[in-house]
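Same chain, two versions here, written out as C-alpha cells and called structure 1 and structure 2.
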Structure 1
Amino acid sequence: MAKAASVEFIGVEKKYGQVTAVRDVSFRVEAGTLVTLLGPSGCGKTTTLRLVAGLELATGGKIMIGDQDVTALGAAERDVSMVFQSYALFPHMSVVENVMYGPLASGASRKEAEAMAREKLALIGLSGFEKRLPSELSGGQQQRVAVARAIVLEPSVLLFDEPLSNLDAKLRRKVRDDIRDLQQRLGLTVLYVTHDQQEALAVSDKVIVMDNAVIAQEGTPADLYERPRTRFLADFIGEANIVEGRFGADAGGVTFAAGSTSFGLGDIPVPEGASAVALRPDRIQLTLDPAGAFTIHRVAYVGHAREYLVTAPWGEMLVIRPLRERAIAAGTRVSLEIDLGAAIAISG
C-alpha cells in the first residue's frame, strides 16, 4: 500500500451563498489512524468529508494532506479515495471489472489492472466472486467491493460516507469490524462519517463531534462518553438523564440538589457555569425502599436488559438494569444509588 498521509484542517470554512456549512473548523487526523466525524443531520460532517475529497472547495482556511497544501486542488489531483453511501457500483460490470475501473482509467494495461483488482479482492475476502454482478451479491459483499475499488489505487487517505447505513443491524456490526480490521492491518488513514454513535465509538481512534457547522468536541471514544463538556454532547453520545439543579460541596465532595432531593457525587470535576448533571441510565442502581423518593412508573423488557422509567422529584428518568437482577414491578417505591464517577457535570 502507498504510504498513509495525515489530514489537517486549519480554520476551514465552506459557504453556500449566505449559508455556512462549515465554520472555522480545525483538526488533525494522524497518518494510519481512523477518525470519525459524528453528528446529527445537517451538522456539516459530510461537507467536511467532501472538502477532504476535493468534491467541494473551501471558501476559507487551509487543507493539508501530508505536507501538501491541497486547498485549491480538485478531486483528481488528490491522492484520496472515497466509499460512498450508495456504494456506486456499476451494475452492468462484474465485481472484478468494477475494481479494475480505477487502474484502467489511470492508464494501467488490462492485465495489470486485473492483477491489482484480484489482489485487493483477495485482501478483503472476495476471491471467487470476481465474475459475479453486483446484483448477485449481498449488501455486505457489495460494500466490500466498494472498499476494494477504493483501495486498489492505494490512496494515502481513504474516506467513508455513512458506509453502513444500507445494512441491517447484525451485518452493520460485522462490516464495521471488517473495516476496522482492514484499516489496522494496512495502516490506512481513514476519515469516516456516520450519525450512529455506537458505530463511531466502536471503530475510531478519535471521534470529532460536529454540531451546527462547528466542532463541539473531539477526543477518544472513552473521552467523549465519560467526559462530555456540554448538554448536547452528553445527550448525543449514548443515553443520558439530564437533571437541572445546583452544585455544592460537603466533606464527602461534590453535592447536587434537584427538586427536593440532594445526593453526593464524590470528587467529580465541575466546570465553571455548570448547572446540570448527566446521569448514565446504566450506572444507576435501584433499591426497594417503601420510604424512597422515587417510583417505578413503567418497566420494559428489551431482551438484553430491563428499562425502568422512574418518577423522580425533578421529573422522569431512565434507568437500565441487567436481566440478572430481580425485576421490580411498576408502582414500587425505590431509592437510587448513583455510581461514583458516573455523574457528569455539564454546562450549555
Structure 2
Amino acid sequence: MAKAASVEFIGVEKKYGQVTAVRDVSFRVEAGTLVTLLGPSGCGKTTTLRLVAGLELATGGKIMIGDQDVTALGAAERDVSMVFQSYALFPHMSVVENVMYGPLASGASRKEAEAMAREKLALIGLSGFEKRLPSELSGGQQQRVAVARAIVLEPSVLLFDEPLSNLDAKLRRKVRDDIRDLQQRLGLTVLYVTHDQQEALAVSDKVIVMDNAVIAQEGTPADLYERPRTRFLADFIGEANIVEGRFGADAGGVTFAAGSTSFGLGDIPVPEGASAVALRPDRIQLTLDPAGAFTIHRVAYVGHAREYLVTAPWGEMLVIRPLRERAIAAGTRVSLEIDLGAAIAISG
C-alpha cells in the first residue's frame, strides 16, 4: 500500500481543563513502520492516539501526517483509521455492512463498497461471516471485523488502542502476530497502544514509553531493554534489580561500590549523574562461597529456569539461572558476579 504516511508530533500538548493529559510530546513514526506507545495506565497513551485520529484536537503544538499539517482537522477529514479498544462495531449492521460503512461514507457505490468489504474480509479470514451480526461473533472474530473495517479505506495511518485487552490470554499471542503480519504485508503505518511491555517489545519497530503525560524514552525494543535511561524504565521494561551505589574506574573499566561490596562492570557507558545500576536477573552468576556476603533465601523451580531470591547487604535480589546449572539450596552462602557489560548505569 503506497499510501502509508509518516506521523510527526511537534511539541504537542493536550489539556482537559486543569488536567494535562499530554505535555510537550514530540516523536516521529516513519511510514510503513509499527510504533507502540507504552506506559502505565493513565499516562496519556489513549489521548495521544486520539490526537492522531483527530478525535481530540491538540491544545498546543503541531501534528503532521505525511507532509500535511492536520493539527486543526477533525477525524472525518484525516486519512486515519482506528481499531477501538471495545471494537465499536455497529450493532445494528451485519459484518459486511460494518466494513462497507467507510467506503459508503466516502461516496462509493454499494457495489464497489461491498466488493472492497469482501476483499478485506477475505484478507483477514472472515469470508462466510458476512451476514452475521457482531453479537453473533466471538471476541476474536469481532476484533478482526474491526480491523477489516479500519483497513478497508487503505488509510495512511492505522491506530490500535489496546487491541488485545478484550481477548483471552491464549488468543493474545496469535492476534498480536496477525497484526504485525498484516502491517508488514501491507506496509502500513501503525501506531499501537498498550500497557504490556512484552507485547510492545514483540511487535514494534520502535517503542515510545510514556510516563505521566510525557515521553520517558523512545527507541527500538533492544535499545529500551538494554539501555533504559531511568529507574522507571529499567523497572517497567523487563525485570531488573536496582542497586544504589557509587561509580568508579580501574584498569578493567567501570567499577561499582554498593556498601562494602564492589563489582567490576566492564566497559559500560556511565551517564552524568548516574547513581544506581540496573541488573537483569539472568545476567548475574552465583558461585558457592562459604565466605560470601550473600545468602540464598529461597529457590523456586519455574519450569524453564530456577529463580533465586538472594539476600544482599542492601536488600533482596532476584537471580535467574538456567536449569543446566546445578541447583543451590536455600541457606547457602554465595558470592555474586555480574556479566561484564551487562549492568546498566541509570539515573534517578
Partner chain sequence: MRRRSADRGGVELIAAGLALVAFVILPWSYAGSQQSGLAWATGGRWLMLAPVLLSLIAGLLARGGPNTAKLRIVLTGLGLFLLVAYAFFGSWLDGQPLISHGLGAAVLAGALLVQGTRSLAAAGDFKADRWVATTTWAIVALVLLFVFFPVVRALASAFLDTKGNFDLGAFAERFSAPEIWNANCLVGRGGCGVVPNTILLGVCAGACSTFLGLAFALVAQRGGLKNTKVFDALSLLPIITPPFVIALALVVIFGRTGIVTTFLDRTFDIPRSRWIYGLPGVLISQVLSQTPLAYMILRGALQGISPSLEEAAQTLRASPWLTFRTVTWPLLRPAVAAAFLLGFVESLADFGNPLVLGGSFEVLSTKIYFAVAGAQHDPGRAASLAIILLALTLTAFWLQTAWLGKKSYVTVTGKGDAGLPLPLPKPLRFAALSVVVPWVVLTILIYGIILVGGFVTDIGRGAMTPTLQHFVTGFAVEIDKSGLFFSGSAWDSFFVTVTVAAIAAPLTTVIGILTAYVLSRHNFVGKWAFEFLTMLSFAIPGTVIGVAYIIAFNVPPVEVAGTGLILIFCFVFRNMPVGVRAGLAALSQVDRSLDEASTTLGARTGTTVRRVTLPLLKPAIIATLVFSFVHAMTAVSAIIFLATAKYNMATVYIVNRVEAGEYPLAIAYSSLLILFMLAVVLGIQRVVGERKIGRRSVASPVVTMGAH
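Numbers follow structure 1, counted from its first residue as 1. Whichever C-alpha set is largest while still superposing within 1.5 Å between the two forms counts as the rigid core. From a predicted model like this one, the values you see are computed outputs, not experimental measurements.
Peer 1: Between structure 1 and structure 2, which should be identified as the form predicted on its own?
Peer 2: Answer to the question: structure 1 is the form predicted on its own, whereas structure 2 comes from elsewhere.
Peer 1: Tell me, please, whether between the two structures the C-alpha of Ser94 is shifted by 2 Å or more, with the rigid core used for superposition.
Peer 2: After core superposition, the C-alpha of Ser94 moves 2 Å or more between the two structures.
Peer 1: Fitting the rigid core first, would the Cα of Arg185 be found 2 Å or more away between the two structures?
Peer 2: The answer is no; the displacement is under 2 Å.
Peer 1: Fitting the rigid core first, would the Cα of Ala108 be found 2 Å or more away between the two structures?
Peer 2: Moves: yes, 2 Å or greater.
Peer 1: So with the rigid core superposed, the C-alpha of His304 shifts by how many Å between the two structures?
Peer 2: Once the two forms are fitted on their core, the shift reads 2.5 Å.
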